[in-house]
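Same chain, two forms, each on its own as structure tokens: structure 1, then structure 2.
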Structure 1
Amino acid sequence: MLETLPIYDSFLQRLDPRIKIISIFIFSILTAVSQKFNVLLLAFSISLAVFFTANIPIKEAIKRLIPVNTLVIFLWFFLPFTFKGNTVFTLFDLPVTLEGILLATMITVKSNVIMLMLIALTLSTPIVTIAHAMHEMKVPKKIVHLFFFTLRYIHVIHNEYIRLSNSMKIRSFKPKTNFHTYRTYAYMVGMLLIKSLERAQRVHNAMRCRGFNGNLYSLSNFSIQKTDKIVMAIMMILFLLLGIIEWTTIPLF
């Protein structure tokens, strides 16, 4: 489950990561707060266009859209029935309202549109590069460091977890609903923490020995190219358009 993300070579992949992060950030906020379907339609077109410049296999994207849609499907079981409004038809004696269906549809579109954009970012930019870009963008240094350490230790702890759970299996441990199972898991979590802590201290000491002074140096230098500027300009114009349609009455559509 914790394989490193595949990075697909594409137009999007070559863009400056800072531009991608800023664009996605603004785009997500605009889409999340939007209340109009025509704004969402434009947002959907933008995310689709960006997605296609990322050269990501459709299958991969669909796989990654599953987690979002589990909550969305869960909400579909409620919202059409519980939102007050005009009844369109009744299902099992429960009235289904038009407003409820519209709200559920809106949530579905928003979730998927924002996620599509996020998928385009994560599959075109290595996570480490995202962290370096955050550092360049003056995100507090402690957060960036924490991000790097966490990213690194996720893999360490996950491997350790696999090792421990294998050794539990060898000793014929079968998880059941009983106190013994929970205590075993608790000790396993405790052991995971202790083992990783010792390792972290060793690594930290080694880093200090090699002169780590709390500064991060990136091997890849970011530089804004002409293409980056053009993309940024196009994105800002599109976002402005989204904002205008959402908050003013100027009839653009």
Structure 2
Amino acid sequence: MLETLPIYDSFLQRLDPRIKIISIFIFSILTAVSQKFNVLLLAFSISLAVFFTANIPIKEAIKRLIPVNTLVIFLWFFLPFTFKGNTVFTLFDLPVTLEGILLATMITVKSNVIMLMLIALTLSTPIVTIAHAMHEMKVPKKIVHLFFFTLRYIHVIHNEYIRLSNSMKIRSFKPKTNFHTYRTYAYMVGMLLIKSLERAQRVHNAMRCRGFNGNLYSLSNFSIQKTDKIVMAIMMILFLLLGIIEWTTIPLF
């Protein structure tokens, strides 16, 4: 199935996808390079506003934020203890620094802010439409193809992984900390790589038989409407505000 993500009807869903891609790209860069918490607070407010505009259920957002925050949690186990700075307190005779806590907090906020915007994009725009929009924006073809086919076939590889995993369970395989377990998982990863290569070759041959020349075509043409221009202007003003707060000393708030 080509479309594996639900698309929710909303005001954001009806905007030109090129406007959404440009806005989220600029927003993500500004958020990633920001070093001020007041900028991150404003960015968080913008991402929440965009998210709720997309009319996406909270449950869907939480489900997609869990993997990101699972990785972030590991940072909290290391950064406060390893980052040099002023010691706030000690835990198990290990100094916890203020700078480490602030850095971990900043990374946590940045990750969730950017992820909220990406969730709003992917759950308001079909993956095929995003790929066509990237192609219309003159993004290099190889990047567009990599993006499109990765999302198109990642669930196929996942299904193959589940099939191999179930076959191992049927054979009474129980993972342990021994050489047999490591070798078995190595074999499974190798089989996934082989299956992926075979699938890629079959898809490539099928596309060549159908005359694929590297271009992605769409039955509908993109057109920027008045609403798109207004939204783009508002987003540019907000981005300018973020930049002013970040790189100037003007006390806006």
Partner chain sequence: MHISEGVLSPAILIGGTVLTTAGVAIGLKKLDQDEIPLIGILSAAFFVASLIHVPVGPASVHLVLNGLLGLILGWKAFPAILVGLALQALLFQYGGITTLGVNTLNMALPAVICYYIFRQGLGKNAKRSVFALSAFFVGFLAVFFSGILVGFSLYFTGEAFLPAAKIVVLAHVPVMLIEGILTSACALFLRKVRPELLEGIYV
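Numbers given to residues start at 1 and step along the sequence of structure 1. We call the rigid core whatever largest set of C-alpha positions still superposes within 1.5 Å between the two forms. Quick caveat, the model's predicted, so the values are computed rather than measured.
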Two forms of the same chain appear here; which of them is the form predicted alone? 2
Once the core is aligned, please say if the CA of Thr150 is shifted by at least 2 angstroms between the two structures. yes
Once everything's superposed on the core, is Thr82 shifted 2 Å or more at the Cα between the two structures? no
Exceeds or equals 2 Å, Cα of Met168 between the two structures, core fit: yes
If the core is used for the superposition, what shift in Å does the C-alpha of Phe179 show between the two structures? 9.0
Give the rigid core superposed Cα shift of Pro140 between the two structures, in Å, rounded to one decimal. 2.6
